Structures are given as C-alpha cells and as structure tokens.
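Next up: the same protein chain in two forms, each one alone, written as structure tokens (structure 1, then structure 2).
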Structure 1
C-alpha cells in the first residue's frame, strides 16, 4: 500500500476500484460515504487502518475501503479484531457487522468484547432482518413482524443492542440513522477518538426485505416527534415544537408536555453520558416508539483502561519474573508428548 502524507488524505484515498454492490437505495451506501469522509480527518496514517467484518450485507464494506482488512467468519469479527489489536496496538481497528452477524451467531463474541473494553470501533448496521439470505427474522426483528421464517409474525422478543452493550459496561455507545449524515458523521468521529470499545448502532433501512422499519425516526416529517437527540448536560426535550420532554417518575421515565406550564425543562431528566453508572443510559436504551421517542446520539462515553493495556501490564509482570518467552523452550518443555 502506497504511503501518503497524513495531511494530504481525502475520501478518494479510501475508495477502491471495486464495484459497490448493494441494492440501489441501500442505507449502507450512506454509511460507507461517512466512514470514508471521517478517516482522513483522524490524523492516522492510511496504512494503520484495518477493517474486519463477518458475514452479511454490511460485512461487504471492507471490500470498498482501500485499507487493510479481512472479510472474516460469520459472527467472529470481534474475536479476530481483538487478536489484531493486541498484536498491533498502533492500528486503528474497525469492525463492521450487522444485527444477525453480531447478535445471533456472534452474540458471545459481541458481549465479551464489550466487557473487555478492547480498543476498537464497532459499526453495527441494524436493519432488523437478514438481508443477505433474503428476509428471515433476525435477533432485532420486532414482535409480530412477518418474515420468511415467521410467517404469522415473530414471537421472539427482540434484542436491543445498546442495552446489551450497556449491561456489559461498554464505555462508548451511540446510535444514528443511516440517512442522517451529519449526526452519523459526528458520532463516527467521536467513536474513532474514544479509547476503548466504541459501539455505533446505525439504523439502516433494507428497502427490499424490511422497508420503512425506521420510518418514524428517519422521515423528516415525522422524526422530530418520534426521536430525541441526546446532548450531554442538557434536558431531554423533543418534539417539532420542542414542547415535550422526559422526566423520571420514581424509577420510571415518562413523557410529559411542556406546553401547558405544568412542567418545565427544570423538571426533566438531564442527560449525563459520562456517569460511571449505566442505569440511566440503560433506561434510555429501552425507550421505543410509540410510547417514547427513540434516543439518538451518544448514550455513554467514559474513560477506562483498555484491554490491551491490561494485557501488556500482565505480560510485563510475567516477563519480570521469568524473562522473555522462548517458543522453542515452550514447545519442547516438560508438558509435551510424542504420539507414535
């Protein structure tokens, strides 16, 4: 790969000659564009980026990035990315996955990456369906949704990716919509700057097999009344006229009107993305239409030691006691045998 001066990088430096093959109108195009716009701004040498994916429509993205990377095994991208980051800590490692890839066959790898706080960026494109295999229900498919594998409607309660990640103590969790390009780009920039595991869930429309599943929060005519933009240190206000808000009633969040004077912004929850406790962020992650607006933005962003730092500290302790490791000594040690 040709080395280019960091300050001279542009989006074109991250585009490949590959034909981009997603369905016309797929939300993945928007995500690809924003990723390619963000990378040149990070001050990282081009040869220090690596994109790892699993299997699915979303997992084709590394083909279209002129960086190092791997289209890997179904659900196992976080495990492969963990190994890469531990062996090459200077790299900026990105995982691109989907709701099926990450949360079904890859569920265990997903949760353990969250709890370990491996320094990587995970882009989870959530379209609530299996798109590549033509329309089966996924772990995030809504209750009652008819698909090829749930012809009378899904009876499985859907997984909420942000909630799951928060329950594992993820240090950065955010959500955006594929076509909301400014907000998406801002979140990707913040995720890239975060030290530790950053999870960015992107609501991505699959207009072939699950069209309109995010219409309430993506349609410009509807979204202001159906989403709430999270801003650190600010009260949770939403609505086209900013006349509604979220307050805490005991241990339950509730929607209140600000129009009649009974409640003011002083009565509302104030978003704190930096608190050590994940409870309030978890509350927010469980809010869904039609009862609540859907939160968008950064749920949590806290600084904690990364997994790689802990591993290297442990290695230093062992090396201090036993000296550097030696492969020949290990392989020919007492704990070995010959099979004849």
Structure 2
C-alpha cells in the first residue's frame, strides 16, 4: 500500500467503514466531524495517531476514526494512554471520555494524568448524564435535576471538570459547545498543538436523556448573553451588544454594565491564559449561569515540561552516569564468585 503523504490527508482518510451508532441528532456527531477535520491539518502521519477511550456513548468514537485505537474499560483510558505515550513518545495520543467515565469511575486516572502532565489530548464529552445506561445522574448533573436515579432531583453537588483540572495544575484547559463548530475546531487545533495534557471539555447535548441542559449557551438567540468568549490579552466583555463585562471586586468577580458609563473596558479583567498562577482560570471555571456568563475558549495554556520528557531526561541522567547497561555485568552482580 502506498504511504499517504501527510499533506494530502483529508477528513475522508480518518473515516471508517463502521456505521456510526449514536442516536440521530446526538452532539457526538459534531465532535467526530471536527476531530476528523482537524487531524489532517496537524502535519502528523496518519499512522501515528492513537485514540483511546473508556466506556460510554462518547467512548465509541475511536471505532469511527481510521487511526490506531482502543475502546477500553470504564474510566481507564488515561492510564492506558499514559503507558502508550511513555513507551511510544512519537505517537499523537488522544483520549475520548465522558463525564461519568472521566469524573466518576475514572476520576483517579483523570487527575493523575494532569498532575504528571503526560502529553496527550483529553476530549471530555460532558452531557451531564449517563446516556448509555439510559439516564442516571452523573458527577456533572446539576443540583435538583430529575434523572432516573434522582427522581426528586439530584442532591449530589456537581463537579466542575475544569476546576478539578486546574487544581491538578493542568497545563491546557479549554471548553467549547458541540455545535459551535468554528470555536470547537479552533480549540481542538490548539489542544493538539499543546505539549502536555490538554483537556477540552465539550458541552454535548444528550437530547434523549438530558435535552436542553446547555440551551442557554448553545442556542444562538440566547448564547451571547449567557457565555463569554475567552481571548488571551483581551478584557472580559460579553453580551449580544458587547455591553457587559467581568471585573474583580475584592476577591470576587462581578458582572458590570458597560452601558451606563460607570465602567469602561479599562476596569475589566484581562484574560491571561499564560500566567503560571491558576487563580484567575479557577474563578473563571466557577462562573455559571444565571449569575455569570459561562466562559468558553482557553482557560489556561502554559508551557511546562511534560512527563515523558522528564522520564527521558531522568533515564538520560542514569545512562550518562553509567553508560548503556551491560547485561553480563548486571546479571553477574556486584559480589559474585567463581567456582572452578
């Protein structure tokens, strides 16, 4: 078979013959399409992509990608991907997961991957519900939400994935909405370019079990007043008429109007995704409707050594000191003796 030139790759090269088996209208279709559009643009040979997933609707995605892939077990994709990346640093490793997979059963691997800053891209499809098991509450289900396992409304306080990631020192964290194609694609491109763990949280509508949970930020008529697009170095302005902003009042952010003349853009917070301090990104991650607009875009993007580099430099230090290992000397041991 002729090796496909990197520059000739198209979306078609990443499609498989498998029938895509998500519910018609599912937000996952949109994510799949954007991923397939982004990969050919990255300058990476097709055979060097590997997609690892766990269990859940989102985790079926690798079956629809014509790359190397493994649909693994519930919650464990980051651990499998870590072993793959550490042993094969030249591969571009992607994890596809969901809110239950990453934050409930797989919470431990999720946090430790980011703590170590293993070079991989984690796509977290957050629909705030268990879809494949038909509608139980998930770790991101909102308080009071009725589900099959919370008939009087959820009493579990939800986890905020980006806050959790920031507390682990994640070096790249971003959020997008499934159907906001342009924004999603830009973010996936940036995540792919980032060295270290990139977390992309995608608000994904499950229209069967949790329809409309992201309506305020996905509906074109509503979204401009309910979301804020993060841009590095730009003041935090939002609203259909770009007449509102976020300023810091003491230690707390607050929404202010730019229309009544009391505040100008100069009073607003300026987004800095590159600061080594995670505090600003953290309070952005705590902003939710209806009190605040929900931030979309890149919360944090900092350059730090990734785990694989650290492992290899530690290995190089040992090898530098001792030279390549000599099997005979090692097996013989330091205090062997000879019998004649």
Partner chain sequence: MVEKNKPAERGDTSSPAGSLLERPHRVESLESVVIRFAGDSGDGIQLTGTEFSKSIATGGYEIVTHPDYPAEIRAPLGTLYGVSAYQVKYSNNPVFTSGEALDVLVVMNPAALKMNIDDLKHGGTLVANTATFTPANLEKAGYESNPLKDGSLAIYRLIPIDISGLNATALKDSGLSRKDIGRCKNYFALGFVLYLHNRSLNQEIEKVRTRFAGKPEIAEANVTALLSGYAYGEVCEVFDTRYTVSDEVNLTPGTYNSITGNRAVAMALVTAAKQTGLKVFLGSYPITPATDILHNVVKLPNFNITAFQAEDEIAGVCSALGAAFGGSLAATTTSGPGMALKTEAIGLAAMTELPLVVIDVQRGGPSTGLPTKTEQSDLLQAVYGRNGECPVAVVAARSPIDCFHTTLEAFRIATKYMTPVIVLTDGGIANATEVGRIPRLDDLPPFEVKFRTDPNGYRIYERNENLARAWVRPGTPGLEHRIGGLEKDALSGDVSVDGANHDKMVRTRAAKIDGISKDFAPLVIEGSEEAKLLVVGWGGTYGSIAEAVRQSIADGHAVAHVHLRHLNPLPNDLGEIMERYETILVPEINLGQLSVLLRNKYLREISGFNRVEGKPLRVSELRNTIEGLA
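Since we're looking at a predicted model, the values are computed, not measured. Rigid core here is just the name for the largest C-alpha set that superposes within 1.5 Å across the two forms. Positions refer to the first chain, counted from 1.
- Source of structure 2: the form predicted together with the partner chain.
- Once both forms are fitted on their core, a CA shift of 2 Å or more is seen for residue 328 between structures 1 and 2.
- Once the cores line up, the CA of residue 316 ends up 2 angstroms or more apart between structures 1 and 2.
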